[in-house]
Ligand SMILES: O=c1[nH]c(=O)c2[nH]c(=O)[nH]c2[nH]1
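The chain that follows stands alone, in the form predicted on its own, written as structure tokens.
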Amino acid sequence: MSSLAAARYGKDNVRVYKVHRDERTGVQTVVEMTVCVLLEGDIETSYTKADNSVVVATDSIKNTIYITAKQQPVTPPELFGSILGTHFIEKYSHIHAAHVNIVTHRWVRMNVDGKPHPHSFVKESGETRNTQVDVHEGKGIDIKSTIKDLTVLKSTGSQFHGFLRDEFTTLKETWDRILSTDVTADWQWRRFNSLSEVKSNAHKFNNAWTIARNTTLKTFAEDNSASVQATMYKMGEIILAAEPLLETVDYSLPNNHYFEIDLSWHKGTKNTGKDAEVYAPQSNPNGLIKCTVGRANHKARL
């Protein structure tokens, strides 16, 4: 005998672009997103008995995303995801949870002749602002916000020494090295009881994103890093202190290596240690360092 242990379904990779036009100033603002919505509820018979009467068609889910984007604000994405998720559990009595993932693509207003252009933008990198919203009927709304693929590098101000050494160790200690990483930073908000509570705190989402991004960049640049571990912990502490509604801050930082090249074989050319100028960027393998920074009284959510 077998049974359905878990199930969710929905629409993924829904591309959405929205433009806001200020008729008074002529300034336009654009938002581009990729949205995924997955639903859970009393849908098991669609799997076990081929009963499609409980299925909200994924095409209907896609259309709901478009209509909601037209009728409601899409920024901050935490609010849009909460509005969208709440719609599904209120619209369909047999749907009890909605999971909304939003990837916001970064368009930055273009400067022309030293002035911000009213309707032209540039995509500076692959960095995205991601949001995961989980709306559970009768329980509340869980929100996680993310900075993804923020690539940074500094050419000095990083060291790594005093680490454990044994018969497997070949890495040399260093007091000055290149440090580069592709930042993934998550911050988990405390559970919101309702959509109205999300709305009343909507102004905090953009502010927290700005704090998290600025903290990441400033700490990365200014910290005389003893290790990636030590630097990322400092980042998490600062972000938690800045926003009381946050429960935890997570960092995932790959260590993208840049190795010195020994060029002494060519006429004694010095290119190591203090003489190093030419390096070989490495794609893999790479170090990967992760941590979760929580408040002293924080209990893991099960």
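Given the structure is predicted, the values throughout are model-derived calculations rather than measurements. Numbers follow the displayed sequence, beginning with 1.
Beyond the structure shown, there is the form predicted in complex with this ligand, which is absent from this document and is the topic of what follows.
- Figure note: of the listed segments 77-85, 222-230, 123-131, 196-204, the one touching this ligand in the predicted bound form, with heavy atoms no more than 4.5 Å away, is 222-230.
- This ligand in the predicted bound form is not approached by C291, whose heavy atoms all lie more than 4.5 angstroms from it.
- This ligand in the predicted bound form comes within 4.5 Å of no heavy atom belonging to F192.
- Using a 4.5 angstroms limit between non-hydrogen atoms, H99 is distant from this ligand in the predicted bound form.
- Looking at W209, you'd find every heavy atom of it more than 4.5 angstroms from this ligand in the predicted bound form.
- When contacts are defined as a non-hydrogen atom within 4.5 Å, none of R8, T45 and A57 contacts this ligand in the predicted bound form.
- Proximity to this ligand in the predicted bound form, taken as a non-hydrogen atom within 4.5 angstroms, holds for one residue of V112, L171, L153, V108, which is L171.
- Proximity to this ligand in the predicted bound form, defined as a heavy atom within 4.5 Å, singles out one entry of Q28, T68, N255, T269, which is N255.
- Residues of 156-177 placing a heavy atom within 4.5 Å of this ligand in the predicted bound form, in sequence order: F160, L171, R177.
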